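Taken one at a time, structure 1 and structure 2 that follow are two forms of one protein chain, written as structure tokens.
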Structure 1
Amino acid sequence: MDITEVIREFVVTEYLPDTPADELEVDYDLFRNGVVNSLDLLRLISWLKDQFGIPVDELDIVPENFRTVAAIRDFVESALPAPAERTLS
């Protein structure tokens, strides 16, 4: 399962339990549509930190990075070490 699917599965499980994961479009605006509020965002950030081992505390946290599944994926990919660095550690 790739990063997009892992994130989509979490969002559906936590915030849209009646929606099949494959029906959540990656560009669906989670904030504008009331799926995620500020408290949910904190929980999402904590999950990202645990799930992907990224140092979220050191990164700029802005709502634009969490607005859609695609934005979250891009945020995670930018926070992870480059693939070559991941295999060396």
Structure 2
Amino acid sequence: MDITEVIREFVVTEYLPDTPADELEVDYDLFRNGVVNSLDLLRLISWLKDQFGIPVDELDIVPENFRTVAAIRDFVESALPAPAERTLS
């Protein structure tokens, strides 16, 4: 499963239990539609740390990175080491 699907699966399982995963558009606004509240966001950040092993400093948390599944994916990809580095490590 690629990163987008892993994130979409998590969001649906955690916050939209009545929605089939493939029906959640990657650009669906999770804040404006009231899907993710502040406690949910803290849980999401904690999950991202564990799932992808990326350190998320509180001061780096900006809404643009968490508003949609696509934004979360972009944030994760930018925070992960480049594939070449990953292979070497």
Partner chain sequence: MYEWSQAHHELRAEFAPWYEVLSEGHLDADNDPGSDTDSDGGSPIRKWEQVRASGLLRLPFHTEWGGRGLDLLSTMYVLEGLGEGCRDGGLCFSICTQLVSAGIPLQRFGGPELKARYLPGICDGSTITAHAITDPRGGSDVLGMGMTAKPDGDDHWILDGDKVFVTNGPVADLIVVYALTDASLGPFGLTAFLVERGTEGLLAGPDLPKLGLRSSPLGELSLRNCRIPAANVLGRPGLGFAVLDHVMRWEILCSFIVQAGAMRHRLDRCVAHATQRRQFGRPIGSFQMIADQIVEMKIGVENSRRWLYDAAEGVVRGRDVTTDVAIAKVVTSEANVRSALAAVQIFGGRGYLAETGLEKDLRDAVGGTIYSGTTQMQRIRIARMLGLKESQT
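As the structure is a computational prediction, the values presented were derived from the model and not from experiment. Each residue is numbered by where it sits in the sequence of structure 1, with counting from 1. Here the rigid core means the biggest group of C-alpha atoms that line up within 1.5 Å when the two forms are laid on top of each other.
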Of the two forms I pasted, which one is the form predicted together with the partner chain: 1 or 2? 2
Core superposition between the two structures, C-alpha change of D27 at least 2 Å: no
Is the shift of D57 between the two structures large enough to count as movement, that is, does its C-alpha move by 2 Å or more after the core is superposed? yes
